[in-house]
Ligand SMILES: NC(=O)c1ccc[n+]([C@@H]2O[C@H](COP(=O)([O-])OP(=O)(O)OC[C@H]3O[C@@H](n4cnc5c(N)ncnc54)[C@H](OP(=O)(O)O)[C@@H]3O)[C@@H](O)[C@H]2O)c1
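As structure tokens, one chain now follows by itself in the form predicted on its own.
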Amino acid sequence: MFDQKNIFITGGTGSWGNELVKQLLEKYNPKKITIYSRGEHKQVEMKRHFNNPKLRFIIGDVRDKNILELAMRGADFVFHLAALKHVPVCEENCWEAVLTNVIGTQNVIECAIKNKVAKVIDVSTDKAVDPFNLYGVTKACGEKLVVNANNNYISDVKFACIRGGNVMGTNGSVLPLFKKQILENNQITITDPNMTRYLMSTREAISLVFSAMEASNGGEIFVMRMPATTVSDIAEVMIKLFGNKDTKIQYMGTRPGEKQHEVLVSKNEAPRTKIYKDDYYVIIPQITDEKTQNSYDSFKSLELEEFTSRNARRLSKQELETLILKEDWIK
């Protein structure tokens, strides 16, 4: 569906954006891919890395609706990745998080409608479910805006969301941080060893993005059935890979806004959740049309009360080590 199409990616210079562009170029033959982001240095690095004439780079912010609208002209599909995402940063810079994650998302919606884009996929997070921190609250608002955009405006644009958990190797991920701490100081700092977290590779995360773009009728939230692990298991595996018998663990305690366990499908969403293929769940919107509702009638309903990192399939330490060793950043 992306062959000879114009694709627009907000926040496209991050880890998700780089992997998305890589797979778009590997699997499809897009006409043009526009990367819209704030960081000049990251754009230069990405441009040199891909060295592909199909890539177009525009410096801009999703907060700036005028530039966003101009940059999006001619786009067929939009992937909305731009966000302030670090939990402590959002707690300390509340309004900045609102400006990017809420108002920026509404700007994407309005610009997509004005430019008559075919589909928009918003990349959300497990932090948006039963939000406990400001980052989660803003992403939950972003989800609501995107889902409801299908009904709130007279438009042919289809909007949908995906939710992912922690992706290994992304900017701010704990795994590269642990590697850096071990190599530099031979110690790692962890908050709570009993915390559970979803974990997946960037490549797997992007496969969910493609599935959502291809399958969505508008208004759904697609969720990957991600496995989970504990912070202590992550620490032990990273010490095995990069440390030694003298590597120390320093316990810091829970940071502001952190949850003990993450949630991808809440108790309130579970009754509207279908098992979509073997690897995904899809949450049907509360307000939807008959076509969308009927298209999922044949799928089995979720039998769990909720889907959390506590009841998700637990990765063994060997599985976790194997996953980590497959990552490019680990080298």
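All residue numbers are counted from 1 along the displayed sequence. This one's a predicted model, so the numbers in the text were calculated from it and none came from an experiment.
Another form exists, predicted together with the named molecule; not displayed. Remarks below refer to it.
Shown alone, this chain has one stretch from 250-258, 131-139, 232-240, 212-220 that lies within 4.5 Å of the named molecule in the predicted complex by heavy atoms: 131-139. Under a 4.5 angstroms non-hydrogen atom cutoff, the named molecule in the predicted complex lacks Glu45 among its neighbouring residues. With a 4.5 Å cutoff on heavy atoms, Ser124 counts as touching the named molecule in the predicted complex. Looking at Gly60, you'd find a heavy atom of it within 4.5 angstroms of the named molecule in the predicted complex.
Remark: Arg38 counts among the residues lining the named molecule in the predicted complex, judged by a heavy atom distance of 4.5 Å or less.
None of Leu175, Val167, Ala75, Val157 but one reaches within 4.5 angstroms of the named molecule in the predicted complex through a heavy atom, and that residue is Val167. This chain lacks the partner; the member of Cys161, Ala82, Val117, Ile109 within 4.5 angstroms of the named molecule in the predicted complex by a non-hydrogen atom is Ala82.
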